[in-house]
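Just the one chain here, laid out as structure tokens, in the form predicted on its own.
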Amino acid sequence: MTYGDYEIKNGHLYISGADSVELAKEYSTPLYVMSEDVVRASCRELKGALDKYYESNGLITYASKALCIKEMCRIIDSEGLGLDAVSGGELCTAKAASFPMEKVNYHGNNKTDEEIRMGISFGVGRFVVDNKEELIRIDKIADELGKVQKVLLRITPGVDAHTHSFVKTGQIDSKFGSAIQTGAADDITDFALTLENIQIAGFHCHIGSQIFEQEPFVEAARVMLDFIDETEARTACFFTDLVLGGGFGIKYTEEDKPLSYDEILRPVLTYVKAHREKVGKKLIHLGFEPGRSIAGPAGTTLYTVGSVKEIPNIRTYVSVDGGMTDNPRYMLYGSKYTFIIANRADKKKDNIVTVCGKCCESGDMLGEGVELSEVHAGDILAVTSTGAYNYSMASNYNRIPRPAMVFVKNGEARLAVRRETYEEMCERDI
């Protein structure tokens, strides 16, 4: 797993060979900077593990909710990965980028009829289905369109990943999926088999996010394979696909100790392969859906410091020209990041500060207890590992325009998302 592509030259922070201070001057701030080099390296490491330990019999599918823009879709496609979409908007973004729809897994626990019709019409490869109501609607719309739609039934395996409660999705108490322990998984499978315009390709699970251990993934594989074996024996039907989700943890600060893709996938792939050999079945087509681990480490957000306010014996506030509108994760989850003064990146971090945004909101913070070198108004502040769930969750609170985004490769930057204007924010108002 690749983390950033940073170096320090002449006191400046460089991202994939580009001077971050010059990027801030050219494109203004706040600015999302994505390292294309890091994105591509992560894609290749993931595919390499699948090839090495599982005879290439599967597909790595990028969870686009982490960062869904056309340029990211194009890069993911060029690296041979599939795509996971969770809404009509993400699906339309993929289509606008000419992403092959047959390599799309279409998620969402409450798709509208419009979104279902869109997905079937576009020719998505798999619908990931959470409930019987959605199955009924897919079956009906597929019939109207003269199609038989392949689906993956989302199953809740009851595996408790050690992560934030907001991003745990594999336990029984979840809005996602049908639980094995309660019999709901059997019920939805049996029901889906009665529908003429539905074909069950296989099953899907996802146990959570920001996971730093191998064991939960191996346990999820064990539970799901046992469920598939029992279901095939019970129904005399056979299933070709198993998707084990994503959730691989990344490094936001020095406290985080993530595993490499090889360390994560090797025991899982080895277990699945051994299990299929033991029960005398050919390798099931295996899928994983990493999002954060591909986009997150590739991203850096650049800000300009507007003021430094010291309250003696209490704290020092460092105000920047962004905040919760371009990164709400600290406010939502208390997420920690690494902060660097990009124009003096070689200086020792001997100050403790609170980094706050420009919104009229007391909770508009990017970090408290942040270690930072000496900071002044006009400095460029870099926040690392912001490629996932920052732009995706950005808002126009206080009518603040969303930032631009550039991709950097081998020291060269190109604009991928232009900065939103005040006029664009107002144009839908009547």
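Numbering starts at 1 and runs along the sequence shown. None of the values given here were measured: they were computed from a predicted structure.
Separately, the form predicted together with a small molecule exists; it is not shown, and the next lines address it.
Novice: Can you say which of 111-119, 222-230, 245-253, 144-152 gets within 4.5 Å of the small molecule in the model of the complex, counting heavy atoms only?
Specialist: Of the stretches listed, the one contacting the partner is 245-253.
Novice: Which residue, 34, 366, 383, 63, has a heavy atom that falls within 4.5 Å of the small molecule in the model of the complex?
Specialist: Contact with the small molecule in the model of the complex is made by 63 alone.
Novice: Only one of 137, 95, 266, 329 gets a heavy atom within 4.5 Å of the small molecule in the model of the complex. Which one?
Specialist: Checking each option against the small molecule in the model of the complex, the one that comes within 4.5 Å is 329.
Novice: State yes or no: in the model of the complex, is some non-hydrogen atom of residue 209 no more than 4.5 angstroms from a non-hydrogen atom of the small molecule?
Specialist: Because a heavy atom of residue 209 falls inside 4.5 Å of the small molecule in the model of the complex, the answer is yes.
Novice: Any chance residue 289 has a heavy atom within 4.5 Å of the small molecule in the model of the complex?
Specialist: It does: once the small molecule is placed as it appears in the model of the complex, residue 289 has a heavy atom within 4.5 Å of it.
Novice: Please run the contact check for residue 126 against the small molecule in the model of the complex: heavy atoms, 4.5 angstroms, yes or no?
Specialist: It does not: once the small molecule is placed as it appears in the model of the complex, residue 126 has no heavy atom within 4.5 Å of it.
Novice: Using 4.5 Å between non-hydrogen atoms, is residue 333 touching the small molecule in the model of the complex?
Specialist: Contact check for residue 333: yes, within 4.5 Å of the small molecule in the model of the complex.
Novice: Each of 84, 389 and 393 near the small molecule in the model of the complex, meaning some heavy atom within 4.5 Å?
Specialist: Verified in the model of the complex; spot residues all in contact, yes.
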